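This document starts with one chain, in the form predicted on its own, laid out as structure tokens.
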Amino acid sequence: MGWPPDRDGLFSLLAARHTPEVQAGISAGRVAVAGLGGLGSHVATALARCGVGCLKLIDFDEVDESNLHRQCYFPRHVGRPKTSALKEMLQDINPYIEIQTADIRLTARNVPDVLAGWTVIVEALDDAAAKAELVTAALAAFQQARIISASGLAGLGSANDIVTRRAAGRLYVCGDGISEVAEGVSLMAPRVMVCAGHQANLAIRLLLNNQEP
């Protein structure tokens, strides 16, 4: 089979691995990813590989050389908006995915407009204040939205310390909940990717109406 197959052919390839019923739910899924750095770029890539039908990619930044050690970009993307660079890569993986982009910094004021209609929202921002602002605004604005946030993924701690927990109601948090970036404690690709995997896995579970304890 040549690449890309037609839409039905790609569905059949994925359904053969995920089962048709599961793949139908994933293919109908819609997930917004806020922040396209080490977390968000890996989350979006995993969701595209699973065949999620529609993604919204949100980031105001451009790809920088300093991003390449832990984010899903290549040197050729340096200087490009993260939204367009990542969209291009995801469409290479899954040519039938619907991708919306927003080159914008999320604030409490614009969250109700930018994220309206997205019931699974992945928070993958770097700044603690911005993370809290997004989560608070989204929970207040959307009565059905489920928010997947992240806290604690820096350093060289055990990957086994990264967990997914239901923090309260519709808010879920992935990470160890403790580690922070500091002098000598950086963000490294393996641990960031573990946390991104937790976020992407939970997004798929929520799309299929599986509840996290």
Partner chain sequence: MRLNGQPYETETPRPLAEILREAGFDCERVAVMLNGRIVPRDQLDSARVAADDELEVVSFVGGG
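Please read all numbers here as calculations on a predicted model, not as lab measurements. Numbering follows the first chain given and starts at 1.
The same protein also exists as the form predicted in complex with the partner chain; that form is not shown, yet it is the one meant from here on.
Each of 132, 149 and 181 is positioned with at least one heavy atom within 4.5 Å of the partner chain in the predicted bound form. Among the residues 99, 102, 139, 89, the one placing a heavy atom within 4.5 Å of the partner chain in the predicted bound form is 139. With the partner removed from view, the residue among 52, 44, 58, 153 that has a non-hydrogen atom within 4.5 Å of the partner chain in the predicted bound form turns out to be 153. In plain terms, the part of the chain that comes close to the partner chain in the predicted bound form, with a heavy atom within 4.5 Å, is 170-178 out of 170-178, 44-52, 24-32, 156-164.
At the 4.5 Å threshold, heavy atoms of residue 116 stay clear of the partner chain in the predicted bound form, well away from it. The partner chain is not shown here, and in the predicted bound form it never comes within 4.5 Å of any heavy atom of residue 85.
With a 4.5 Å cutoff on heavy atoms, residue 187 counts as touching the partner chain in the predicted bound form. Heavy atoms of residue 125 reach within 4.5 Å of the partner chain in the predicted bound form, making it an interface residue. For the partner-free chain shown, 37, 38, 39 of 27-56 come within 4.5 angstroms of the partner chain in the predicted bound form, judged by any non-hydrogen atom.
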